[in-house]
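This text opens with one protein chain seen in two forms, each one given by itself as C-alpha cells under the names structure 1 and structure 2.
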Structure 1
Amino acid sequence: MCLPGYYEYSCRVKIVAGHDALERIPDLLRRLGARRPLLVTDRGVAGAGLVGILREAMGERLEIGAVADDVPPDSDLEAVNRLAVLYRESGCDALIALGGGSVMDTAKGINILVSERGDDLLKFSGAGTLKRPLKPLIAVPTTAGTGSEVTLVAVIKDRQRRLKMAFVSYFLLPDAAILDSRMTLSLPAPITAATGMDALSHAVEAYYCLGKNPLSDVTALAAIRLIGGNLLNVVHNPSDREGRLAMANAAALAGMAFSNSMVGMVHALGHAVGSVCGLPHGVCMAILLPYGLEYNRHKREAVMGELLFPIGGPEIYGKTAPEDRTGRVIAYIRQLNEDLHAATGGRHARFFGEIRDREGNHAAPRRRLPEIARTALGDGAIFYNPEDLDYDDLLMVLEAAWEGMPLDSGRIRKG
C-alpha cells in the first residue's frame, strides 16, 4: 500500500515540435538503428495528401519499406494481424504511425506482434505483459486530440466480442513524437472540434480524478490553457499554423497528463459508446465531459474550481467566489460545445440524441443505453473516478447525455 503523497510520473517520448519537424524523422530513425520503416496510416490521411508531405519532407534520406493506408476508423485485431504480416513480408525494421488515435493504436499493436514474434495479440492484453523494448516507432499525429503519441496505452477493438481491449506498457511508448503544424492544416472543422474536445477531456479528467499528481497537474493545466485559447480559433481559421501547433502541443501535454494520472467516468462511458455504437471517441468525449464534472462535483468541488484559472484567466478567477468556480467551468464547457456546434454548421454534436446516421436514424439509439451502461461497468477508468458508479448511475448519466439535459443533482450518489 502506498503512503499519501506517493506518485510515479514518466514520459520517455522524445518530442520534436515545429513547423518543419517532419524533416527530423530520417535522422531519428538512423539513431535508433532503423532504415526501412512500415508507414501506417489511413485512407483519409492519404487522401488529404499528408503522406506526400511526409515523403517530400524526408526526401531521399529514408526508404519506406511499405505503406499500409487502410487502417479502419477503430483499430481492430484483424487490421493489426494483417499489417503485422505486411511488416514481416516487406522486411521492415521500424514503424511510422501517421494519423490519429486509431492509426497510433494499430501501429502499437503491430509493434507488439512483430517484436514478440507472435500471432495472437490478445496474449499481450492488460498491463505488464510486455517485458522488453519493441521495434522503433515514430508517431506523427494528424489530429490534435488523442495524445496517443505520448501514451503507454493502445486500445484495440475485438469486433467479434464487441469489446475494446486495452494494452498497457511503458514499452508501447513511441520513441519520438513529431508535432508538425502541416499535419493538421487540412483537418475538417468537425474533426478539429471533436479531437480538440478529446484533448480537453484528457486534461480535465487528469486534473480532478484520483490518480492526479503534481507533475500531471502541470501538464494538464498547460493543455487546458492552450485549448481554451486556440480550439475555437482554429475551427474558424484552419490555416492558422501557430494555432494548429498550439493545439498539437496541447494534445501532447494532455496525453502526458492522463497517461500518468489516468481518467475516469467520462472515458469509461465514452469507450462503451464507441464499442456498442461505433461513435467517434472525440464526439463521445465532447458530449460526456460536462456530465463527468457534474457527477463528481460534490467530491471534487475545490479541485474543479481551480480549472477556472486556465480557462477564464486570473481576472475572472479572482472575481469569482470559490463556491461558484466549478459551476462556471461546467458552463464554459457547455458553451464551448455550443460555439463549436455553430462554427461547424451544426456538425459538432452536443448530445447523443441529435446524432443521426446516413439513413437519418439515431446513431446511438436510446434502446442501446442499457447495453452501453453494462459495458462501461467493465472499464478500468471507473476505478479512478472520484465518486463510485453502478449500473443505475451510468444509465442515469447516459439518459441525460442522450437528451442533452443537465444531471438531476438529487439522484447523484453522495458517498
Structure 2
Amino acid sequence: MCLPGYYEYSCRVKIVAGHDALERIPDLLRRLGARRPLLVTDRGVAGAGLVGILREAMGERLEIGAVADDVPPDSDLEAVNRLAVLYRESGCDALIALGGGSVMDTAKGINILVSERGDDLLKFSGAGTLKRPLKPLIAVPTTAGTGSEVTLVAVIKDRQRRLKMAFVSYFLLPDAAILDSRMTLSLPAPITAATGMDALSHAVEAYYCLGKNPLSDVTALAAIRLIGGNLLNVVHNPSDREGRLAMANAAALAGMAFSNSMVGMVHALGHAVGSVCGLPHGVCMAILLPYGLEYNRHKREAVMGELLFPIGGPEIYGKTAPEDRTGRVIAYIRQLNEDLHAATGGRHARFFGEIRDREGNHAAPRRRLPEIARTALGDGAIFYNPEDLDYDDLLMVLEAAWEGMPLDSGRIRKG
C-alpha cells in the first residue's frame, strides 16, 4: 500500500445502506434535532415514483414540510433562491435531497442560504467561507454513479451573471447518505451502464492519479471489485436488488475515493465534452476511461497493474505476468464497454463517433474536438493527472476516442 509524503482524507458522511435504509431517515433526522425536512428532487425522480416510495417509508414517523420536485437538470441559482424561500415559508428545519448530482448541488446551495440566513449565494462561493455546520442534510442518491452524496463540492449556475459558482467546504457534506436498492431499481439500462462507468472512472482515476492515498486506495479497490462483479449483471437484470445495492455501495465508495484524491484527464476531457456538446457525464466517462490508462501508463505501470486484482479477480491477476497486467486492465474495461453495448441493445456508446442525436447527427461532431480540447485545458482535473497534457495531447486523445481506436503509444510524449 502506498503512503504518500503527505495526504488529507475526510468523509464525515454517515453511510446508511440496505434494502430498507430509507426507513432510518426519521430517526437520523431526529438525532440531528430536526423534524420537518424540505424534500428536494426533480421531475424525473418524482415521475419514477421515488417520492412516493420515500413518503411511504417515512409513514407517520416524519412530516415532510414541503416537496420541491422541479429542480432543473443543471442546478441553478434561481432554483436555489426560490427553494430557500419555500424552505423558510414551510417552516422546515432540514433537507432531504433525493436525486442525482444536480439535486444534491441544489440542496447544498439551499442549505447555505437557509443556514447562514443569507440571500446572496455568491458571498459564500469559493473555499473556506463557511465556518459553521449547516442544517441537517440527508442525501438519497437515485443513480449509482456520481458519488455526490459524499462530496464536499457544489456547482451552481448563475444564468443572469453567466457564472458557474463553485462551493467547497466540509460543511457542505451531507450528514448522511442513504443507499437504498429501491431508489435505483427502475433506472433504465443505458443510464445504469453510464452511471456505473462514471463510478468506475472515479475509482480508477483515484487509484492512479497524483492525489492517491491509502484511504482513497482501499475505498477505490472495494468500489472496483463491486462494479466488476455487478455492473453488467444489473444491466442484464435490472430488478436484482442485491446487485443494485452493491452498485449503490460502489458509487458511494468511489465517491469517497475521488473526492479525497481527485480525478485526472478522463474527467477533464469528460467535463469538456459535456459542456461543449451536452453529452451525459457517464457516457463520456465510459468512452474516455481506457484512454486515461493508456496515456498515463508509462508513469503508473505498477499501480495500474494492481487494478487487475479487483477487476479481473485473483486468479486472472495471479496468472498474468506483472508487465502484462495494465494491458489486461485496459482490455477488460474496453470489453466491459462492448458487453454493456450489447446488453443495452447498442445504446451504450463505445466511442464518440457512434453517438447520434434525435435527428441522426453526431452528438459530438468531430469538428468540435478542437473546442473541446481547449476547454479541457482549463479543467482543474489536469492538475492531478500523472502526465502533463497540452492542447495537442488533448486533441490526440479526443481524436482516438472519437474513432474508438487505441492510443498510438509512439505519439504519447513522455516526460
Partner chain sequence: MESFREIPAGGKPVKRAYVALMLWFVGRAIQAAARVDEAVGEEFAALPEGFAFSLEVLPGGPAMIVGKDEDGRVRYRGWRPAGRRLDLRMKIKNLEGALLMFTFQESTATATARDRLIVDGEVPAARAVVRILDRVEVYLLPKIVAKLAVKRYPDWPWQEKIANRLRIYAGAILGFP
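The first residue in the sequence of structure 1 is number 1, and each one after it adds one. What you see is a predicted model; the values in this text were computed from it and never measured. Take the two forms, superpose them, and find the largest set of C-alpha atoms that agree within 1.5 Å; that set is the rigid core.
Each of the two structures shows the same chain on its own, and it is structure 2 that derives from the form predicted together with the partner chain. Once both forms are overlaid on the rigid core, the distance between the two CA positions of Glu149 between structures 1 and 2 is under 2 angstroms.
A movement of the C-alpha atom of Phe124 reaching 2 angstroms or beyond is seen between structures 1 and 2 when the two forms are aligned on their rigid core. Relative to the superposed core, Ser90 shifts its CA atom by 2 Å or more between structures 1 and 2. In the core-superposed comparison between structures 1 and 2, the CA atom of Leu38 travels 2.6 Å.
Superposing the rigid core and comparing between structures 1 and 2 gives a CA shift of 8.3 Å at Arg162.
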